[in-house]
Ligand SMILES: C[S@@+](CC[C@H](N)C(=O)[O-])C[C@H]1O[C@@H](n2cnc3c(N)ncnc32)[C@H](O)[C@@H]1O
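A single chain, nothing else alongside it, follows as structure tokens in the form predicted on its own.
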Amino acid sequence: MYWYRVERINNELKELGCTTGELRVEDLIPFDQFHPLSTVALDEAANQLGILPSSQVLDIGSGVGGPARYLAQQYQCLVTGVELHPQMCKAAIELTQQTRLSEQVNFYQGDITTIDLKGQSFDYWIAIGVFLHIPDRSTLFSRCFELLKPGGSGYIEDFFQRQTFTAAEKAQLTNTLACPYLPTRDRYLVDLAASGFVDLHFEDVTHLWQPWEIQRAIEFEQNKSRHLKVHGEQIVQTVSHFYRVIANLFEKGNIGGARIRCQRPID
């Protein structure tokens, strides 16, 4: 579903005249942060987890590397990203090299539930807008538990089901968002606890995400002529449809946004 993201970033960098040479993290933030509230969400994650310069952080579903680069620069931590999509992982590595952060940030391509990370374990992991794509929560959360050091914490920002979805909403979630399963708040917490996590905190942030998602869709339409010039018809129509669907889902109120924190007990 995210086939266009690498090409979109390349188009934006070409428009800026930044196709080669060094880049700043700040140059990429408008194009490599795809989640609600952009870097504000990452600062929230870092503050809730207590990320320090010595921290080892795993970014699950790292995409083109935007969150990993931002956290590494802003908090001087070490970040490992895992991304399923080969082209996005390749772009993440290349963009990180251009921002001179390769000593702090590295990436693996593969499925988080099966990938071999060479025995690594982490102080923290983050998953921003990723778990909605993974219906097997038992396997997913068990793996996430294993990847934390004892006493380590995980941080999730994700959609959840606030009220029963209509048939049309289920179809939109599956076909447009690649989200075949979305749990309720209570189901989310039960599944995390079943995998061994403790100290569970669930915050409903729909009131923050709803206006952000709606405004993103509006602003994209307002700048459509510019986007067509930079990206072409196929990308623009794909992104426009994606943004409209999410905005409509949030307007109807059955889908919500959550911040969830969990911890692996100290053995």
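Quick caveat, the model's predicted, so the values are computed rather than measured. Position 1 is the first residue in the sequence shown; the rest follow in order.
There is also a form predicted together with the ligand; it is not shown, and the following applies to it.
Residue contact check for R5: one or more of its heavy atoms lie within 4.5 Å of the ligand in the model of the complex. Of the heavy atoms in G110, some are within 4.5 Å of the ligand in the model of the complex. With a 4.5 Å cutoff on heavy atoms, A91 does not count as touching the ligand in the model of the complex; it lies far away. At the 4.5 Å threshold, heavy atoms of L95 stay clear of the ligand in the model of the complex, well away from it. In summary, among the residues Q33, T206, T238, S55, the only one with a non-hydrogen atom within 4.5 Å of the ligand in the model of the complex is Q33. Only one of L189, L84, C77, L148 lies close to the ligand in the model of the complex, with a heavy atom inside 4.5 Å, and it is L84. Looking at 63-71, 207-215, 230-238, 45-53, the stretch with residues near the ligand in the model of the complex, meaning non-hydrogen atoms within 4.5 angstroms, turns out to be 63-71. Using a 4.5 Å cut-off on any heavy atom, the residues of 129-159 that reach the ligand in the model of the complex are, in sequence order, G129, V130, H133, I134.
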